[in-house]
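Next comes just one chain, in structure tokens: the form predicted alone.
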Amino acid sequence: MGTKLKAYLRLLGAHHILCMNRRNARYIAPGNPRQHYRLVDEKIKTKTLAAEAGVPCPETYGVVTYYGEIKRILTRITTTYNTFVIKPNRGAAGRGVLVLERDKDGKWRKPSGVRMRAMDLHFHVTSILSGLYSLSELPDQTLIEQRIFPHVFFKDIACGGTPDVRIILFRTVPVMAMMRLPTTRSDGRANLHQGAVGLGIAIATGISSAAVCHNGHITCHPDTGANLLGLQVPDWPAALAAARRLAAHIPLNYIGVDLMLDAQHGPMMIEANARPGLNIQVANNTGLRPRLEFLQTLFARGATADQAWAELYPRIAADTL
């Protein structure tokens, strides 16, 4: 084993980083049966579960399943609403998501100002149905839903798009959270790989504690210069409660729940993930391993999820895990 690799492994161990192989072997393989992946890989199914759990999510305006439905459904949507979101049912990483609003001239445009013709909308829906953006590249459905308007909290720390919150839960217990803030470089997308800011959020308090952009630690938003640290996320208890309720309705032990904080309605569920990424550890400047291993010990002793959360919460707050 090379010297550099040994040093890298020592660094990972020192920061208690959960690596992909360990995540897959210890948490996903034994706790996330593959037959249930569709419940989170397909947004329509996840929204149904959210409704059952009493978790708010954007209103569905329409679902396009067949090419012959495109004109009829788009005509109804565009004559009824002044803004909406088009997204693939089985999409990931924000691919294929199109936010539209009617401008003062009655034309459709993206929030960036780029105008979209009726034929552009039709082509986009066609591309989604063909599977261009789906996880498996198989034929997909198009979901058209309510647009979320960000809470005023995000006025100076997000550019050109809607930020989201990711909460990772193990057996319905929240273990780590981050906020993904769009930037000019990410073209308004809340995607870390495309240049969005990853803002680490203290799971116990909802206060931002660290921030990264392209894996480099920062303290201010790269576009606005606004401070990113020590900010209190609004409605944090409600966000945690919503994530926990949804997790309890999904037969997967290890999941990520993504929420957006709407200006009027508070936390709203956007999607869930059976294989949430590990960059959340970079955003928080701390590893997942101690928290997950602590919970495993508690569950092995027969603790309930509520008891485990009650044990975990003060330890994280005191920074002892």
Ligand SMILES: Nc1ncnc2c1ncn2[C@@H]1O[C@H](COP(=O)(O)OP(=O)(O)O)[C@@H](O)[C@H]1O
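Numbers for residues come from their place in the sequence shown, where the first is 1. Keep in mind that this is a model prediction, so the values were computed, not measured.
One more form of this protein should be noted, the form predicted in complex with the ligand, which is absent from this view; the next part is about it.
- Annotated contact segment (heavy atom within 4.5 Å of the ligand in the predicted bound form): 94 to 102, selected among 94 to 102, 73 to 81, 212 to 220, 169 to 177.
- Note on contacts: among Met260, Leu292, Val64, Ala50, the single residue with a heavy atom within 4.5 Å of the ligand in the predicted bound form is Met260.
- Here is the short version: of Ile148, Val233, Leu129, Cys159, the single residue with a heavy atom within 4.5 Å of the ligand in the predicted bound form is Ile148.
- Not displayed here, the ligand is kept clear of Gly206 by more than 4.5 Å at the level of heavy atoms in the predicted bound form.
- The ligand is not shown here, and in the predicted bound form it never comes within 4.5 Å of any heavy atom of Gly287.
- In the predicted bound form, no heavy atom of His124 sits within 4.5 Å of the ligand.
- Taking non-hydrogen atoms only, Ile270 approaches the ligand to within 4.5 angstroms in the predicted bound form.
- Shown here without the ligand, the chain has Thr162, Asp164, Gly188, Arg189, Ala190, Asn191 in 162 to 199 lying with a heavy atom within 4.5 Å of that partner in the predicted bound form.
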